[in-house]
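Only one chain comes next, encoded as C-alpha cells, the form predicted on its own.
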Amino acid sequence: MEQSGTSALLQGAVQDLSSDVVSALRGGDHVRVAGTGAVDGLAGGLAVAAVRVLGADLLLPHILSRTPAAPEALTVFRQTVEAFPPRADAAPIVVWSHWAMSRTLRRLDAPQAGSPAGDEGAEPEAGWLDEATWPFLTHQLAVLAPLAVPGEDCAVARVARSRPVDLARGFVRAVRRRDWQQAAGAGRWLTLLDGVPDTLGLETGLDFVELMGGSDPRVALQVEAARAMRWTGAFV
C-alpha cells in the first residue's frame, strides 16, 4: 500500500511538472516552470524523482526560447543528473536519457556546473537502433523525444533523419492503437524531419492526438513542443 501511494505521488508530481512545461510552451510564465512552481511544491526526494522521469523536457522552454532558467530549477536538475548516473549495465535508452539531461544542463548552466561551454560530454553509441524495425524504432524515439530539439546533432537524431517514412508509419500505428503518448513523441520528431510524406497530414494528426490524449499533460507537452518547434526550425 505504501509503495502504491508513493507511485501515485510520483505520477502526480510528473503530471504537475508536465503541466507547467505545457503552460510555458504556450506562452506562459517561464520563471514559474523553472523552479518557482511545481518543483518548489515537492519534497526534495520526490522532486528529484519526478525530474528524472520528465528528463530534459523540464527545461525545454528555455532551450527553445534561449532564456535563462531559474537557479532553483537548475539546482534540482543538477541534483537529478548527479543522483542517477546510469549503471554499467543500463539500457541504451536510459543512458541516452541521462545524456540528454547532462547536455541540457551544460547548455544552460555551464559556469555553475564547472563545464566549459560547448563541452557536450561523451556521446553514447546508438548501434541498437541500426537494424531496428519501424515499430521498435518509433517506440524508442518516442521515449527519447527530449532529444528532438532544433539544432540537435547526435546519433539518435541522425537515425531519425535517415528514417522519416518508417517513423511516419509508426506515428500512424500509434494513433490507430490509441497510444497517444507514443504518437505525440513520434509527431514531435517528425516535425523536425525532412522527407515526411505529405499524405501523413502531420499537423492534422497532431491536432487529433491532442484532442484524444491531451488530458494527459505528458501528451500535451509533446504536442506543444512540436508546435513550438515548427517556428524554431529543423535539425541542422
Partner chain sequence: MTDTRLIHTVGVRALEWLWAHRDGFRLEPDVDPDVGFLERFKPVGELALICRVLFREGVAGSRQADLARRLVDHTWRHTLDGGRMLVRGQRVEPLSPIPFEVYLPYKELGYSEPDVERATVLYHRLNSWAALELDPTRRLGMSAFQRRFGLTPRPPEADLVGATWLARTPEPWTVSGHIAYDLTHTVFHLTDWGERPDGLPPDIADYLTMWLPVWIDDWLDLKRWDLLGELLVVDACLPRPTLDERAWEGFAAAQQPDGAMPAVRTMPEGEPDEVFDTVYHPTLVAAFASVLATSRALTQLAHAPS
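Numbering follows the first chain given and starts at 1. What you are looking at is a predicted structure, and each value in this text was computed from that prediction instead of being measured.
The next section is about a form of this same protein that is not shown, the form predicted in complex with the partner chain.
Considering the partner chain in the model of the complex, the lone stretch of 149-157, 98-106, 68-76, 162-170 in range is 162-170 [heavy atom distance within 4.5 Å].
None of the heavy atoms of Trp128 is located within 4.5 Å of the partner chain in the model of the complex. Residue contact with the partner chain in the model of the complex: Leu64 places no heavy atom within 4.5 Å of it. Although the partner is absent here, Gly201 is a contact residue: one of its heavy atoms lies within 4.5 angstroms of the partner chain in the model of the complex. Among residues of the shown chain, Gly205 is one whose heavy atoms approach the partner chain to within 4.5 Å in the model of the complex.
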